[in-house]
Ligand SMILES: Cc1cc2nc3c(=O)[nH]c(=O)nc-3n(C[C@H](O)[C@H](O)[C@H](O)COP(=O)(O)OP(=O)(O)OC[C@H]3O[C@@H](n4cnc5c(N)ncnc54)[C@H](O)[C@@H]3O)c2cc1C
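The chain that follows stands alone, in the form predicted alone, written as structure tokens.
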């Protein structure tokens, strides 16, 4: 029945849609409830901002049947270059040194969104309810009933497991009574595609300054995906600045490695905060993606972490189904939460620590940062550990992240 699900996913952004793709052929009855019209340009998760995809993420997307649809638009990262403006230290990581073809890939969120929609449309077993918003959740003995607005009216459905993947401002998380620990960074990220006069050479740059980090990621046709973090009023001013003036400011901040910047696409700003749900599971519900943990975009770890959560939850549900388990059972949800705790904590700590250390103007820290970058570049084992963290290849990996079938 269309109003009876084993798993109901609220949110069809990259994380929610990926879970729908993962579970679509498993025999579970899966539905997706989304607040925006299907395929509409207003889906905020599928704009032009660049996504840095780790090696582990590429494997997951391949296992979901998505990689072949985006591979032509995904630019491999063969080198990572980390530096601080005005300081001598630098850390360089090369794919060849790590024994891989690429350290990761860069793809626009729009391209990934198109592939996810195409894949879901090929799964008739995953009905989509949209545009609809969850407005009430009630508990029954073996299910949750979700009431949602649809057009001018309301409807409802029952599900054994409810997955909230509706972003950092998750309404489902609030309806479930789950609080968050949130610490605003007092910064905004300015994202756009820019064109340098020199070849990017498949190098991903992370350049720190007292104002915040500037990332330039290699993309197709020698474009670079830019994510520039700065104070809120400055970010808004830069977003509205005339193109020539903006490109001049960008060149001053980044330096001359890529020559002059001659073109910039649409500029988008969004606020930054460290957020973590106080619980990621509760009775017959799980919280996923930005609804569970929102990270600073430095090092590009947010979506990769969310997709590892998707792969782990899908694996737990599929293994449970094979043994006749209830997808919303306490045992399955606790297994998932315990598995993902360490990776989530370490990744959150890693990104937050980078901001605390490199965006701190204490005089004593400045020379130490340069020495740390230089030491990292010279210390093989330490650099290898950093590379594996960036590639999403540490800890207990889900089958999909190891290149295996779900």
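Positions refer to the first chain, counted from 1. Note that the structure is a prediction, hence the values are computed from the model and not measured.
A second form of this protein, the form predicted in complex with this ligand, is not displayed here; the remarks below concern that form.
Visitor: Report the residue, out of 193, 187, 280, 301, that has at least one non-hydrogen atom within 4.5 angstroms of this ligand in the model of the complex.
Guide: Only one listed residue qualifies here, and that residue is 301.
Visitor: Please tell me which of 28, 51, 355, 66 lies within 4.5 Å of this ligand in the model of the complex, judged by heavy atoms.
Guide: Flagged contact: 51.
Visitor: Taking this ligand in the model of the complex, would 14, 35 and 167 all count as contacting it (heavy atom within 4.5 Å)?
Guide: Yes, the whole trio is in contact, each within 4.5 Å by some heavy atom.
Visitor: Hey, of 347-355, 333-341, 66-74, 51-59, which bit sits against this ligand in the model of the complex at 4.5 Å between non-hydrogen atoms?
Guide: Correct option: 51-59.
Visitor: Would you please decide whether residue 327 lies within 4.5 angstroms of this ligand in the model of the complex, comparing each non-hydrogen atom pair?
Guide: Although this ligand is absent here, residue 327 would stay clear of it in the model of the complex, with no heavy atoms inside 4.5 Å.
Visitor: Taking heavy atoms only, is residue 83 within 4.5 angstroms of this ligand in the model of the complex?
Guide: Residue-level check for residue 83: no, no contact with this ligand.
Visitor: With the partner left out of view, is residue 171 within 4.5 angstroms of this ligand in the model of the complex by any non-hydrogen atom?
Guide: Result yes; residue 171 sits at the interface with this ligand in the model of the complex.
Visitor: Would residue 297 count as touching this ligand in the model of the complex under a 4.5 Å heavy atom rule?
Guide: Flag for residue 297 set to yes.
Visitor: Within 4.5 Å of this ligand in the model of the complex, which residues of 254-284 have a heavy atom? Give them in sequence order, or say none.
Guide: Result: 270 alone.
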